[in-house]
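Next comes just one chain, in structure tokens: the form predicted on its own.
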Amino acid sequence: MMDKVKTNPLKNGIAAVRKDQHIFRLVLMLIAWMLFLAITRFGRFYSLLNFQTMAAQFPEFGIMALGVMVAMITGGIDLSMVGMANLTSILMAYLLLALTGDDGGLPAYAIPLVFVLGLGIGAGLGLFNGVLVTKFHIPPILATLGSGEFFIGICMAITGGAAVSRFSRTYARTINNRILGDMIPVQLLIFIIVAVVIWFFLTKTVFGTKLYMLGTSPKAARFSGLNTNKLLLKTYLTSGMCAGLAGLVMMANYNSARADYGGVYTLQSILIVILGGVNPLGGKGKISGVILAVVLLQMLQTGINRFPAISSYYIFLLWGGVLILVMVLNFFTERNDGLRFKKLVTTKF
């Protein structure tokens, strides 16, 4: 009987959630918000179309958040995600314009080419950030803040502030399509693929182990023989690829590209990563928490929009308030963990 209890997947899962305070907190918030919406706005929120719409919307900033998470695990940060995403989408929008035929169609190779080049551009922009951090020893927060503004400036210079559109709608229709019996949005599939790839690299490879080691103690990582510069270059390259892919998803959702798209995603990405339990100082964080935080933020945003009397401007107030609240809660959580550890060591030794 005891063996059955120990191997019960449901009980083990619940125990794991309760053990991880960040995940437990997110689950409680999500359940509470969904119950509130079930009581107040059931008919307007709980519909298949609404959930499909949310699943198509959050990959834009969700993929960016995954890139920020990778950078934050090393003890850094990437504030240039929106700039990289918009620059990638603008360049690819011009490519689609060039490839759009007189009949409004695209050649078969156009969309795969856009994704390959978009990932390459994102990787190059992320590598630029990595060089600033490793070769010029600029703190990541300043390096990526400056590069983000620089990338947006390039976007403005290229487009004059106007949107790049009028390319073939085939691209938007393809990415905005649904699969598996018209149920699953393609954007959600892209997000899942990115999340699985990052999860694999963080948990199943030496690269992930080194990232956590670097974030936990950069000095110890250097003394252990790790090439920290090379590791950081790979980190920001990965972050750039996530930004480039997010830009391609945005371009499909808006059927255009512009320098100021996704302006709020920087704050949202940071909020998601911290809400998901990633330590801003590095060395700690799980992708499961970040994914859960992405879902929670999308639920909050969509739910608030179901109350016409509440202005959408209050969403920014909510984001900022939640970010401050989570930081304060994390402070007390880590402080209590530290006190318990100190008490345990004192008792035993």
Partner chain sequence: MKKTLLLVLAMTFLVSPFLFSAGQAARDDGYEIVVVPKDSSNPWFVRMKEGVDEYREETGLNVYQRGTAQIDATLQAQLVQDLIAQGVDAICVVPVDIESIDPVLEQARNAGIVVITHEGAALENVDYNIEAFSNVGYGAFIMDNLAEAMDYEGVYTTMVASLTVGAHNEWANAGVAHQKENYPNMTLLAAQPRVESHDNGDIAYNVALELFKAYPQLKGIMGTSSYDAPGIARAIEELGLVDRVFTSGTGLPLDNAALLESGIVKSLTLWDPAEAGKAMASLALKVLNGEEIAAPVDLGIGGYNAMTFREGSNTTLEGEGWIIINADNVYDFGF
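Whichever C-alpha set is largest while still superposing within 1.5 Å between the two forms counts as the rigid core. As the structure is a computational prediction, the values presented were derived from the model and not from experiment. Residue numbers count along the first chain shown, from 1.
Separately, the form predicted together with the partner chain exists; it is not shown, and the next lines address it.
> Taking F115, T170 and V294 as a possible spot, do all three reach the partner chain in the model of the complex with a heavy atom inside 4.5 Å?
Looking in the model of the complex, the three residues F115, T170 and V294 all stay beyond 4.5 Å of the partner chain (heavy atoms).
> Going by heavy atoms within 4.5 Å, which of 119-127, 252-260, 94-102, 237-245 lines up against the partner chain in the model of the complex?
Partner-contacting stretch among the options: 252-260.
> Check whether Q301 has any heavy atom within 4.5 Å of a heavy atom of the partner chain in the model of the complex, and answer yes or no.
Answer yes; at least one heavy atom of Q301 falls within 4.5 Å of the partner chain in the model of the complex.
> Answer for P107 alone: is it within 4.5 Å of the partner chain in the model of the complex, judged on heavy atom distances?
Judged by the heavy-atom cut-off of 4.5 Å, P107 is well away from the partner chain in the model of the complex.
> Although the partner isn't part of this model, could you tell me whether S288 comes within 4.5 Å of the partner chain in the model of the complex, counting any heavy atom of the residue?
Judged by the heavy-atom cut-off of 4.5 Å, S288 is well away from the partner chain in the model of the complex.
> Are any of the heavy atoms in V264 no more than 4.5 Å from a heavy atom of the partner chain in the model of the complex?
Yes - in the model of the complex, heavy atoms of V264 and the partner chain come within 4.5 Å of each other.
> Examine L317 after superposing the rigid core and state whether its CA is displaced by 2 Å or more between this form and the one not shown.
Superposed on the core, L317 moves its C-alpha 2 Å or more between this form and the one not shown.
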